[in-house]
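Below, in structure tokens: the form predicted on its own, a single chain.
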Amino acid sequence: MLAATPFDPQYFSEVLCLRISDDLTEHGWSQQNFFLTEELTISLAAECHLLNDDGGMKLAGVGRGSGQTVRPTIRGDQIAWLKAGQSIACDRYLQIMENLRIALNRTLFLGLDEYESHFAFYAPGASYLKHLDRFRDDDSRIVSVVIYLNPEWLQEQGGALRLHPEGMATQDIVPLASRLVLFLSAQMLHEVLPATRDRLSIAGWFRRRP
């Protein structure tokens, strides 16, 4: 299982990153199951629920800077950014992402400098219409990363991440706990379909400095 040694940079470089490299080169996206341990996934899900219950999340906007607006008919999730030191679980997750960043640079030579991420909470019925993750005036986002925090998710509950690879059939990815999805930020149109239950994830981006 991929979760067996989540903190081992050598493991990332020799096993996971070769798989991701092939996927990104051939398809522009990669799915890896069982990426986090069950314990860490449960802890991150509990933190996301707590933030939502305590009012620590805010409705996400579309656009950036002064042009950002909240438009729930386009994007309906609530978010809270992850910061180093906010919890043991978040620090463990951020360390895993740092190890993955280093390994991806070794394998794909992408020049990734940093990682940013936020919890994303979709209430039943909320969605995010088709979009790209890279802004027109900012090309710093290189690889988009999503990790799901939803145990025992059933396909009929909806909430899939729908990818639109250019020249290929759409791909619907069920948001099952511990599942990792990566895709090229500038190229992969994608959307989040509405679900019948709360849908939790961490969305993030490996970036180059401007």
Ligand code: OGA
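Just count from 1 along the sequence shown to find any residue number. The shown structure was predicted, so the numbers you read here are calculated from the model rather than taken from an experiment.
In what follows, reference is made to the form predicted in complex with this ligand, a form of this protein that is not presented.
*Asks:* Just checking whether residue 148 would be counted as a contact of this ligand in the predicted complex - the rule being heavy atoms within 4.5 angstroms.
*Replies:* Because a heavy atom of residue 148 falls inside 4.5 Å of this ligand in the predicted complex, the answer is yes.
*Asks:* Can residue 106 be called a contact residue for this ligand in the predicted complex at 4.5 Å between heavy atoms?
*Replies:* Flag for residue 106 set to no.
*Asks:* I'd like to know if residue 93 sits close to this ligand in the predicted complex, meaning any non-hydrogen atom pair within 4.5 angstroms.
*Replies:* Close contact is absent here: in the predicted complex, residue 93 is far from this ligand, nothing within 4.5 Å, heavy atoms only.
*Asks:* State yes or no: in the predicted complex, is some non-hydrogen atom of residue 115 no more than 4.5 angstroms from a non-hydrogen atom of this ligand?
*Replies:* No, residue 115 stays farther than 4.5 Å from this ligand in the predicted complex.
*Asks:* Is it the case in the predicted complex that 122, 131 and 203 each bring at least one heavy atom within 4.5 Å of this ligand?
*Replies:* Answer is yes for this spot.
*Asks:* What is the one choice in 44, 36, 182, 161 with a heavy atom within 4.5 Å of this ligand in the predicted complex?
*Replies:* Answer to the contact question: 161.
*Asks:* Which one, 140 to 148, 23 to 31, 164 to 172, 44 to 52, holds residues whose non-hydrogen atoms are within 4.5 Å of this ligand in the predicted complex?
*Replies:* Among the listed stretches, the partner-contacting one is 140 to 148.
*Asks:* In sequence order, which positions of 187 to 201 have a non-hydrogen atom within 4.5 Å of this ligand in the predicted complex?
*Replies:* Sequence-ordered list: 190, 192, 199, 201.
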